[in-house]
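As a starting point, one isolated chain is supplied in structure tokens, in the form predicted on its own.
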């Protein structure tokens, strides 16, 4: 009986050890399988403009490139028309890690990194080609590097474009035509002070509230690039559009630093290169849209006028004290570096 009992105990021990070994192998196999397949990461990418804008079309291209090149390891969900909030709210969500991507203009970014205000200096860039060269060069990279201290990663510059003024009172032909106009602007102190210097009454307002505000007469007008003016249907509630071209407005492709740091090195390269590639498409589509939509605005009955270089020069003179003040705040050396890059780019492109 003792021998039988001993054999029984030995057999049970063998079975238990075998089972434990099997579980360990299964667990190890499951872990290895997880490492091989990788966890799917989801990116929520939100913008303020609608789904017909060149910005959104380029965002879809970015989504396509990223999902294809990561073999589905990264999934991109896109949201337009301020579905996830306005530019400031979405940028703050990136900082908190509750959203992964947004593509605001430089003006809202200046609330987080004041140096970005320099890109909203009126009449800084003479044309799109000079803007491309400066933004895609050393100076542009330097500014993107400033974002990391704010828990943001700047992957590339896209294009919003030259901003023009619409309103319901009169055509803007000279600087004096700004006098008394209630204009919606972005939440940016430089924009506000520049328009005040021109004699307007600027009012910061969330973009999603703008159409109704113009419809109800809360504001007389606003300033935005031609594609935005047309695609948002502003011609339905505005009579005049004037090509002031007072600011060239870049978009900055932002990603949450928390999310970016959690990507593999290969994935970081993919999302960055995709942002540059899709950005080239954004610029192309945007520039084609400016010419097309200018004609559409005229067809919709808007009074469309081109502002002369002489009138712009007058505007520059009026806002110069504001620029001098902000150069002090930002840092004269930083501002001069940007102006030097602009001059160098102009010389190279001549």
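Computed from a predicted model, the values in this text were never measured in an experiment. Numbering follows the first chain given and starts at 1.
In what follows, reference is made to the form predicted in complex with a small molecule, a form of this protein that is not presented.
Although the small molecule is omitted here, in the predicted bound form none of 91, 151 and 257 has a heavy atom within 4.5 Å of it. Heavy atoms within 4.5 Å of the small molecule in the predicted bound form map, among the stretches 141-149, 160-168, 121-129, 71-79, onto 160-168 alone. Note on the partner interface in the predicted bound form: the residue among 99, 117, 224, 242 having a heavy atom within 4.5 angstroms of the small molecule is 224.
Contact annotation for residue 251: at least one heavy atom lies within 4.5 Å of the small molecule in the predicted bound form. Residue contact with the small molecule in the predicted bound form: residue 105 places a heavy atom within 4.5 Å of it.
Shown alone here, residue 133 lies farther than 4.5 Å from the small molecule in the predicted bound form, counting heavy atoms only. The shortest heavy atom separation between residue 186 and the small molecule in the predicted bound form is within 4.5 Å.
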